[in-house]
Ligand SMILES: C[S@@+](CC[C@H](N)C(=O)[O-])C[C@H]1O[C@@H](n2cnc3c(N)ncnc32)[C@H](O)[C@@H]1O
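Given as structure tokens, the chain that follows is alone and in the form predicted on its own.
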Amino acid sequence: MTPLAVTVGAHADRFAEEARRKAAEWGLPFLKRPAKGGVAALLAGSARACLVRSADGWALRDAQGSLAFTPGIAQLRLKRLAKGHRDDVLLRLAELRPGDSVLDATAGLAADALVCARAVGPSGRVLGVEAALPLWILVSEGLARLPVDPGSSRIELVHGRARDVLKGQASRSVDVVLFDPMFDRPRRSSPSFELLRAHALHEPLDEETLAQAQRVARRWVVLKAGRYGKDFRRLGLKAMELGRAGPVMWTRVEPA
């Protein structure tokens, strides 16, 4: 059984050629959708997970459910930003300004990258890094389908491990480096988040990667972690006091 394959959704034969081309581009097998059973039949005997092209775009499916790219969480934050609210923790800590550059080392579903793109504006730059191939594909295709926002920077999303991408960046080449890794201690969450967790790459942030981020950043390295996890303690970091305690904690580190 292949770990990850590409196929099409119901009544989506018109996307078969695109799906075949994308599968070759991504180095993944293309599986023809069975007449009976559809994607569920493929997941039962041929692939553990499938990237499915349908009229709604791309979705990631496995036996537990389906995950599609949506900017919904980011949109709520962007609406608050547009109304003049200045309570977004990430933007406060990063001190982002128009024209800044951001490297989001753990892009995930790109919610933080979308918010940063609006904060730095069209003259800024946002580079997102995602290590998990299915998530990188899902978000890359999703971002490509979003309407152009004239008030935001374009997001460049690359597939790779954060440490490797940071090593390829010049010293003091971006204003802010951001880390929001998958929490090292699971929390109660929605089924879609659990599906995201299942396909994410679980690599805890290490000292070498943090040191590379400090080398690359000009202003701050901003980090987020689960409140009851061990990430900060393991790296010798202290959470910042930001008011009422919540399920996550934040800190920022000066450049090297």
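Predicted model, so just to flag it, every value in this text is computed and none were measured. Note that residue numbering follows the sequence shown and begins at 1.
Another form, the form predicted together with the named molecule, is not on view; read the next lines as being about it.
- Out of the listed residues 120, 174, 129, 143, 129 is the one that sits within 4.5 Å of the named molecule in the predicted complex by at least one heavy atom.
- Though the named molecule is absent from this view, in the predicted complex it lies within 4.5 Å of a heavy atom of just one residue from 116, 94, 107, 103, which is 107.
- In the predicted complex, the named molecule lies within 4.5 Å of some heavy atom of residue 161.
- Contact check for residue 155: no non-hydrogen atom falls within 4.5 Å of the named molecule in the predicted complex.
- The named molecule is not shown here, but in the predicted complex it comes within 4.5 Å of a heavy atom of residue 111.
- For residue 62, no non-hydrogen atom is located within 4.5 Å of the named molecule in the predicted complex, even though that partner is not displayed.
- The stretch from 45 to 53, 199 to 207, 23 to 31, 225 to 233 that comes within 4.5 Å of the named molecule in the predicted complex, counting heavy atoms only, is 199 to 207.
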